[in-house]
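Shown below, as structure tokens, is a lone chain in the form predicted alone; questions about how it binds or moves come after it.
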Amino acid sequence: MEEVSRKKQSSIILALDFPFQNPQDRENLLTKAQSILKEVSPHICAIKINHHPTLPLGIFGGVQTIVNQAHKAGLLAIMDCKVNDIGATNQTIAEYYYAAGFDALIANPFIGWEEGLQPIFDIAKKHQRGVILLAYMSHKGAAEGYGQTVIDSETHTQTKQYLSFAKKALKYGADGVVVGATVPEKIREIHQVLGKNVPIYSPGVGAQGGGAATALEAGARYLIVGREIVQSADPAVAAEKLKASAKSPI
């Protein structure tokens, strides 16, 4: 990711998330996604795909077509599936998404390591792909889970859940963590734990109220932007402005 980001001179990751559309309009959805990706590809370093296009288009249908297009444009592709199940299921999920061409996927550290995250990391290592862990999401309700106070299993001292997840990201050798741009104070705390060892990916810029410059100054390395670009009257211009506003990473 670092290599692609420097080559593209961009820290912007496009979230190809679209509102619900009539399932019968799948072809129009695919065409729209491909068109936006083509327009903004000079200004971004990767794409992130969630359930929005995956459910109507299918992993090995339209979604794989989009992933292939991203790769041809020199971009990476992240699957935002938030894997959150038992190990055997997680392994199968990871196998399918990596087989579809995704370079990395996002997983939820709440499931723990043994028979949880470990199979995902094992499959990622086997295929030379990445695993990004959720540390703190961008919506208001995130505090109920990621912001709760817990007892550290190793030190037996009180800590915040998101700081525990940051430490686990270091321990497990994660390729990144997700921290919402809407909570720059959390980005700053987590960055103090991770340093330059694990990059921070920040969603929530624009539509959810997160600021690009604020997130980067707090320690984010990459900005995940969806509606601010996808729903813009001119996606290319919106992406170019965001790219320009993103200062050099910490």
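Since we're looking at a predicted model, the values are computed, not measured. Residue positions are given as counts along the sequence shown, with the first one as 1.
Separately, the form predicted in complex with another copy of the chain exists; it is not shown, and the next lines address it.
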**Complete:** Counting only non-hydrogen atoms, the one stretch of 66-74, 212-220, 190-198, 26-34 within 4.5 angstroms of another copy of the chain in the predicted complex is 26-34
**Prompt:** Does V150 reach another copy of the chain in the predicted complex if we count a contact as any heavy atom within 4.5 Å?
**Reply:** yes
**Request:** Please run the contact check for F121 against another copy of the chain in the predicted complex: heavy atoms, 4.5 angstroms, yes or no?
**Result:** no
**Request:** Although another copy of the chain is absent from this view, report whether Q21 comes within 4.5 Å of it in the predicted complex, heavy atoms only.
**Result:** yes
**Message:** Within 4.5 Å, heavy atoms only: does R227 come near another copy of the chain in the predicted complex?
**Reply:** yes
**Request:** Any residue of 109-126 with a heavy atom within 4.5 Å of another copy of the chain in the predicted complex counts; write them all down in order.
**Result:** F110, I111, G112, W113, E114, E115, G116
